[in-house]
Structures are given as C-alpha cells and as structure tokens.
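Next up: a single chain in structure tokens, the form predicted on its own.
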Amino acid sequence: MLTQLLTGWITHQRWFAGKGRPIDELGIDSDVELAPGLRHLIISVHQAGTHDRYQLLLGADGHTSGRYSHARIGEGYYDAAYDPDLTGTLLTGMADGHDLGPLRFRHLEGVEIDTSLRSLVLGAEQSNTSLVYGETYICKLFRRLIPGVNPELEIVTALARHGAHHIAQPYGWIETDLDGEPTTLAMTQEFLATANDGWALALASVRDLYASFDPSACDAGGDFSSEAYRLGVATAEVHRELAAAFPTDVMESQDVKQMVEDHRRRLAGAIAEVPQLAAYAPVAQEAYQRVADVVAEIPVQRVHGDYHLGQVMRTTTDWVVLDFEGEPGQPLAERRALSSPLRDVAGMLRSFDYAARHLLADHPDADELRPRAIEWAELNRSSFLAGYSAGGGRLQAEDAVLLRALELVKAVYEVTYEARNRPAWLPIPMAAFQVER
C-alpha cells in the first residue's frame, strides 16, 4: 500500500520536519496525474498532536530500468524530482499557465520559458528541493507546505514588477489551495550559473589573510572590503525597493517596549538552554534597555528576514540577493511581518564575524590568528555600513543603539542554534557579547 511505503520513506528525507517522532497517521490529501508516469501528491502527516503537509512528485519506475535507485521509495515508486524525463512537465505547465485539478501553473507577465531544458537536482538542501534546468532556471520545490503565499514569491515578483536589479528574475510558480488559502508549491527563477556565493568569496579572503605574511586585513591579497562596500550599497537599494513595493509603517513607543520585552524573554529561554550564556546576559540586557530608553519609534517595512553572506551572489556586474523566505522555522505571518531594515543589516554584520572566526575553530594557530580575524571582521563591517549609508540606507546616530541590540538578538539565536547543531562553533556567537561596539 502506497501510504505504508511513504510512512517508511518520508522519515529518512532531509526535508522531513518530524524526525525523531513516530508517525501516528499518514494520508494522501491530493493525488493529481501531471503526465503519464508522474503524479503530484500532497501528503498529510500526523505526529503527537502536530499536522504537517508535504509535496512529492511520484514516479513509477517501470520505465526507468532502476536508474533512480537513490530516489527509490519502494515497490515500483520513486521521487520523480530526480527524473529529468518527467520534470520538464513543470516548466511546460508554467509556460502554458494552465490549471490541472487543484494545481495552478502560472508565469510572470511578459516572460517566456524555454520548456526544452532538462533538470538536475541541486545539492542536498535541508528544507526544499531545487531543480536546475540547463544553466537558465532554478525551480524550488517547497517540500513542507505552509498555507499561504510564500514570502519569497511575493517579494521577488513585486520587486521584478518595480524593475529591481538585485534579484534573480522570477519566471513562474505553481500553487494550490490549502485551508482555503492560495499556497505556493514551487517557484522558478533565473539561475545564476556564473555567479559566486558571498560566503565562499568571504572565506577565500579570510583564508588568504591567514596564509599571508602581512598581518593587515586591508593589505592582504584577498581584501574583501570593496565587495563589502558594494554589498552595503546593494542592500540599501533593495530596502528602498521593498519600501516602494510594499506598505510601510512606524513602530510606536509602546510597541518598541513590547519588542524589547520579547527580546528579553528569548534571552531567558536561551540561557535556560545554554547556561554559559548567563555570564554575558548583562551585556544584552543593557543593550535592550538602551533601546527602551532612547528609541521612541522605529520605521518598519518588509525586509529579507534571514540576511547573511550565504544569501547573496556576486555576478560579473553586481550583488544579487536570494532567498527572501525569512527565518526558517518561523510562522508565515511572522516572516511576512514588517520589521526594521536594520534587522537585515545586523544579520549581515553577524555574518562577517562568522566568516572571520569560524576557520579558527580547529586551527592550530588560532590564538595568533584571532587578532587578524577581528581586524578582518571590523574592516568589512565598517565597509558594509559605509556602503549601506552611501546607498541611501538610514544610519542615523540613534540607529546605532537599535543596531547593537539587534546584533545581540541575532547572537542569542545563534547561541542556541550552535549549541544544538555545531557545539564547536559556539564560541563564535559568544564572542559577540565580549566586543565593545
């Protein structure tokens, strides 16, 4: 029986959110034939009072001669996201803009989609599956389905209509209705085949610095500061475009104080989970209190929400920002909520610290190299902020208070994340509480 096969298979998938808990019930909410040998399933999973839904492209492997054994589900079925002979159906559907049962295939007005390209699954993502078609498109399948329009689709299509330059061109998407809400199943964008990942570029600079005889970060052969400056400019421009494309507001004094209380509660929760953070709690508490005392109101708007060096790509001409989904694991309403643009700025500043310090974790010369790491981070932080200001981003004197607090909010989140997943990296976020800024 297919549901039994899926129950045994789904728990071993990277994108399955319920690992470690038994499945009480698995059912199939939707089963649509997309093409001969290809079905689209929406699977409903109940576990200990929770209910999640996932999507699957289901293939029948009678015609594949076992070529997709790595994607085998069992007894004649496999995950057809790995089958380029079938996944062209997705491009064709978006290009045609047709409906198929409860599924709606759509494309952005004015674009053309080449339906002749074959796909390849990109890497091993944790929460989604991305199909790369030739060197032209990347189609992201959202495996775990949350009712509502995905923030990334909402943002990039709006920015594209406003002529934004720092995004990957969107082409099309697939949607259905869940709980009465239009819900994004997949979206297709331009694939930046020749671009370089921001995190990889930053690490190359850090490695060059560590290997060089010149102790100065700005004189090392891999100096990244000019790129940090350009990234700051691009970030400010994206924020300006977001403010033009979506509503903006102002957080009043009472809401600012409530925000501070929320940060304090998260800090207390983090200390309960990672007791060594308690020694640095006064640093965060002081930063939070300064916001409550000094900041009367905060301009808010749509933001990226999970901004770091891994979310940006350097093309031959400029920086491009990716993955506007917001912070993973957060409710959709929270990911779509208005926030201070400085939240994104704080995220990128933390990312510079990570790039500088994470190579020290098991480095034999860590003590000698630490001053270089700090200098690299400070140089690129200041270059990024200079670019952000030059690009029109708001960085007034009183914003420094909020920015410092938001950096520590991010560091608190990082402490719990590293304690759970990468204990060797825990000193990186802990260092944020030891630096005077």
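None of these values were measured; they are calculated from a predicted model. When you see a residue number, it is the position in the sequence shown, counting from 1. Note that the rigid core is defined as the largest set of C-alphas that superpose within 1.5 Å between two forms.
The same protein also has a form predicted together with a small molecule, omitted here; what follows describes it.
- Tyr288 falls outside the set of residues with a heavy atom inside 4.5 Å of the small molecule in the model of the complex.
- At a distance threshold of 4.5 angstroms between non-hydrogen atoms, Ser351 is in contact with the small molecule in the model of the complex.
- By the criterion of a heavy atom within 4.5 Å, Arg21 is excluded from the residues contacting the small molecule in the model of the complex.
- Using a 4.5 angstroms threshold between heavy atoms, His308 counts as touching the small molecule in the model of the complex.
- Only one of Asp223, Glu241, Asp323, Glu175 lies close to the small molecule in the model of the complex, with a heavy atom inside 4.5 Å, and it is Asp323.
- Among the residues Pro247, Gly110, Gly101, Pro328, the one placing a heavy atom within 4.5 Å of the small molecule in the model of the complex is Pro328.
- Only one of 405-413, 370-378, 387-395, 40-48 places residue heavy atoms within 4.5 angstroms of the small molecule in the model of the complex, namely 405-413.
- Relative to the superposed core, Phe16 shifts its CA atom by less than 2 Å between the shown form and the other one.
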